[in-house]
Ligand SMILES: Cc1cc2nc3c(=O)[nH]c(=O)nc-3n(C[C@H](O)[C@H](O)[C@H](O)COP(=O)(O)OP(=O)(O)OC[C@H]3O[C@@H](n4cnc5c(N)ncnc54)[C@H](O)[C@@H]3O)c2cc1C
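First comes one chain, alone, set out as structure tokens in the form predicted alone.
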Amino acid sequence: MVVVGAGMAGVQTAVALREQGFTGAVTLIGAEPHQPYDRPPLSKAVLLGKAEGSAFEVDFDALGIELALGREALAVRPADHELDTEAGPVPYDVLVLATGAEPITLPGTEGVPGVHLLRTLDDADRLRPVLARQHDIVVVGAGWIGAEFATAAREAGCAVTVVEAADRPLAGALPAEVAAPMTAWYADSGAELRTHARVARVEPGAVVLDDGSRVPAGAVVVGIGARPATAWLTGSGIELGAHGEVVADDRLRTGVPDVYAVGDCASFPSGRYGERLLVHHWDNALQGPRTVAANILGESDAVYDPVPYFWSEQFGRFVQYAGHHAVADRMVWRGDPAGPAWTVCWLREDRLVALLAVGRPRDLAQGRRLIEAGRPMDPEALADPARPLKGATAEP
């Protein structure tokens, strides 16, 4: 078994193979030289110097998992059952693609001094002294990672300006009426949010916007999204989708024999939601490997159809999301979005399909189970924030 990608999805796939009884050779190949590590702490504890790293607590030696780190994958030759790497070809019986996603760069800023991304441990190491020196920082993009980095930078005492091309934060993730209350979070934290703002260029000490205005910048952090890290698969015969992701089936198999795909680099068809999902979140990378291992070993005919879940810590708030709201036909608020704790629920034919919970973890936990169960809800009861979500079902 050869697993390409030593992030959460790759590590959990290797571990799941052992936990489910596979006794043959397992090789885990990673492009970075570091011991495999978890990414969420990079924008929090690691960035602020509260932790040195976030290595997975996995005893690879005890599990008999061979680590091949600092080796970038270059190509797959399915006819030969070989993976080409910088250190030469690696034969496989079964190959699992778990290469994750890579950040999208801001055009014209590649290699420009003072412009940073935040995806890897090395990125966090480069940014830590920037925060310590309390630079004026411009964050490009008011998405999840932009908000998390702005939160950390404000905690470190930096002056922060966030520039966003859209009219609101999280424009690509949430409807306008849901994202609108989050706009005030920036000002409350002391960060400036500038919407309808596009970067024209980055100069020494400043970001120049397309309206000609200049924003002081000792450092620039780009958080404008990520794309599947799959360019190296071009020409392999492995199908890539519209977003560059590996197209997998509901067992996480690719269309090429003996090749599977899991985590941020792969999309899969969801029977629950009736469309193909591409989920760039930690929980997907944690859950998918169990299905991959089960199907590789033939122990079951396991279908992968999760309720997507993620969380974000930003501006003193714990934000959690479960489900997929794009298929909804109705939205119900629980609580005042101007307050510290509230929830939005999305329904399709009175069945809960997604929810966003701000400071209401119990809503999230109960709602996630209700989505999985497909229980019909009473919208009027659902709108009462004092009523437990599990008590708002339409069934007795």
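The first residue of the sequence shown is number 1, and the count goes up from there. These numbers were taken from a predicted model, which means no experiment stands behind them.
Unshown form predicted in complex with the ligand; subsequent notes refer to it.
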Open item on the list: Looking at heavy atoms inside 4.5 Å, which stretch does the ligand contact in the predicted complex, given the options 34-42, 343-351, 361-369, 326-334?
Closed with: 34-42
Open item on the list: With the partner left out here, check for me: in the predicted complex, does some heavy atom of G263 sit within 4.5 Å of the ligand?
Closed with: yes
Task: A98: touches the ligand in the predicted complex, heavy atom cutoff 4.5 angstroms - done: yes
TODO: Mark E72 yes when one of its heavy atoms lies within 4.5 Å of a heavy atom of the ligand in the predicted complex, and no otherwise.
DONE: yes
- [ ] Check whether L389 has any heavy atom within 4.5 Å of a heavy atom of the ligand in the predicted complex, and answer yes or no.
- [x] no
- [ ] Only one of H280, H81, R128, R290 comes within 4.5 Å of the ligand in the predicted complex by heavy atoms, so just point that one out.
- [x] H280
TODO: Check, residue by residue, if A6, G30 and L118 all come within 4.5 Å of the ligand in the predicted complex, counting heavy atoms only.
DONE: yes
TODO: Output the sequence-ordered list of residues from 215-253 with at least one heavy atom within 4.5 Å of the ligand in the predicted complex.
DONE: A229, W232
